[in-house]
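Shown below, as structure tokens, is a lone chain in the form predicted alone; questions about how it binds or moves come after it.
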């Protein structure tokens, strides 16, 4: 049994909580559900709450959005407590900017975190 299923992760996100898993053997943390640690290959993972604040690790602007999306918009990887989560970015975020988990964007039943530049 997984320490965290996609359904549990998605429901927590909708409720305003960021969850991930941490390997009990090596300490590596992931911001999404994982069954096996990429670092040490252990299956001993436990659910962990992640902080709402992070730092932009990478970012890009989608100039030509998919159908039913308004564009342009910004996405990126946000590092929270050593883990990286893919997110929508608001407020003109640049690499290295401090951001805070601010909202959830839901399209087709799949939630995605939205991080905003801290003021």
Partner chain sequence: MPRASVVGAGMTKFGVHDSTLSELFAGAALSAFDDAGVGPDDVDALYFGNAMGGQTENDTHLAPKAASRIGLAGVPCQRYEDACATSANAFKNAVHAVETGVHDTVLVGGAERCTPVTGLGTDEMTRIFASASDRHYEQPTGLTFPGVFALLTKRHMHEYGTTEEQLAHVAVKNHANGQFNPNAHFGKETTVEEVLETPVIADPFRLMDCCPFSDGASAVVVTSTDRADSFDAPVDVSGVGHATDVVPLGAKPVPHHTQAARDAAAQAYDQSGTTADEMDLAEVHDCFTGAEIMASEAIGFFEDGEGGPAAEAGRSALDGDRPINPSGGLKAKGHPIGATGTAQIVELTEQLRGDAEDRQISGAEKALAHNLGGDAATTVVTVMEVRG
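The structure presented is a predicted model; accordingly, all values stated were derived computationally and were not measured. Just so we're on the same page, rigid core means the largest C-alpha set that superposes within 1.5 Å between forms. Positions refer to the first chain, counted from 1.
Separately, the form predicted together with its partner chain exists; it is not shown, and the next lines address it.
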{"item": "Any non-hydrogen atom of residue 51 within 4.5 angstroms of its partner chain in the predicted bound form", "value": "no"}
{"item": "is_contact(residue 62, its partner chain) in the predicted bound form, heavy atom dist at most 4.5 Å", "value": "yes"}
{"item": "4.5 Å heavy atom contact, residue 9 to its partner chain in the predicted bound form", "value": "yes"}
{"item": "Contact test in the predicted bound form: residue 117 vs its partner chain, heavy atoms, 4.5 Å", "value": "no"}
{"item": "16, 47 and 100 each touching its partner chain in the predicted bound form (heavy atom, 4.5 Å)", "value": "no"}
{"item": "Those residues of 61-96 which, in the predicted bound form, come within 4.5 Å of its partner chain by heavy atom", "value": "61, 62, 63, 64, 65, 66, 67, 68, 69, 73, 75, 76, 77, 84, 86, 87, 88, 95"}
{"item": "Core-superposed comparison between the shown form and the other one, residue 96 Cα displacement 2 Å or beyond", "value": "no"}
{"item": "C-alpha of residue 107 off by 2 Å or more between the shown form and the other one on rigid core", "value": "yes"}
